[in-house]
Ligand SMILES: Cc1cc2nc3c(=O)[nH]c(=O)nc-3n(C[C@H](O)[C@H](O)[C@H](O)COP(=O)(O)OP(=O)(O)OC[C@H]3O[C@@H](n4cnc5c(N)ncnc54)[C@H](O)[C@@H]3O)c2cc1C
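As structure tokens, one chain now follows by itself in the form predicted alone.
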């Protein structure tokens, strides 16, 4: 069975690995320079900075078992942080927060190391032909024919890709709403003497702040802080220049910590589709129409764990189809 996976985020990688465990080799395509989706890290002159997913949790038994393997491989470790709600200085909900090390992108690279992965390839068209599903990249080159396609891109991108070949599925995908996020990495001249390393601001443009060096295997110097704007602020200022965003959010951070900070450099990144404003909450974990499936955190519950479980569920449906025991239901 020939299977293509569009998107090498956590959902796509989970699906590819689940298929491989059953002896089915999938081809994975991603438009980015490397795998990981929103778990990728930004390379800078001061090292890599995690501007995307900040941590993840593990609640499901099967996912906890998988995480244990990642920990055994020394790729993932607990982050012993107790974030505060700011400026109230109240502790946030207690839970085990996990990070990849030495950077968040290390997890995706670990998962992808033995997969048939093609990065820097943007799928712009898929069409149903006699030999199966034909994928074309943005310059029109045919990439191959497949018996089934699993789309794990963010919902708006998946909807656009599926609009012509699978209109009913595209309509279903379109009910998932995604929110943007502006993220900023601040490289500081001097360390801040603060008694917290991460926090959730309760008002203003910032929704998250964290000291990068408080994470396992991250350098403590130069001191780097990661700022995430709220979804509402990011959406309202989506088209601002990156420099303007960095300046504004830096001022907001100064106000939050009640001191001026001397900044060596700031790096702003816009995640156009960062979070699911309204995930679909699919109980089966994926969407399907004949031989086309969709998976991702936006299909389930918006978390990294949800993305992994969604990709696995979609792969299991394809495995059942390949084995002839139970095809995915339309």
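If you're wondering where the values come from, they're calculated on a predicted model, not measured in any experiment. Positions refer to the first chain, counted from 1.
Although it is not shown, the form predicted in complex with the named molecule is what the next lines describe.
For this session: Although the named molecule is absent from this view, report whether residue 157 comes within 4.5 Å of it in the predicted complex, heavy atoms only.
Result: Output for residue 157 is yes: heavy atoms within 4.5 Å of the named molecule.
Exercise. So, in the predicted complex, is residue 287 in contact with the named molecule at a 4.5 angstroms heavy atom limit?
Worked result: Residue 287: no, not in contact with the named molecule in the predicted complex.
Problem set entry | Contact of residue 47 with the named molecule in the predicted complex (heavy atom, 4.5 Å) | Result no; residue 47 lies far from the named molecule in the predicted complex.
Problem set entry | Partner contact for residue 228 in the predicted complex: the named molecule, 4.5 angstroms, heavy atom | Yes, residue 228 sits close enough to the named molecule in the predicted complex that at least one of its heavy atoms falls within 4.5 Å.
Exercise. Of 236-244, 168-176, 119-127, 190-198, which is the one stretch near the named molecule in the predicted complex, taking non-hydrogen atoms within 4.5 angstroms as near?
Worked result: Stretch with heavy atoms near the partner: 119-127.
Exercise. When you measure heavy atoms, are 6, 51 and 303 every one within 4.5 angstroms of the named molecule in the predicted complex?
Worked result: All of them do, each having a heavy atom within 4.5 Å of the partner.
Exercise. Considering the named molecule in the predicted complex, which of 280, 274, 67, 268 comes within 4.5 Å of it through any heavy atom?
Worked result: Exactly one listed residue reaches within 4.5 Å, namely 274.
Problem set entry | Heavy atom contacts to the named molecule in the predicted complex at 4.5 Å, residues of 10-27 in sequence order | Heavy-atom contacts to the named molecule in the predicted complex: 10, 11, 12.
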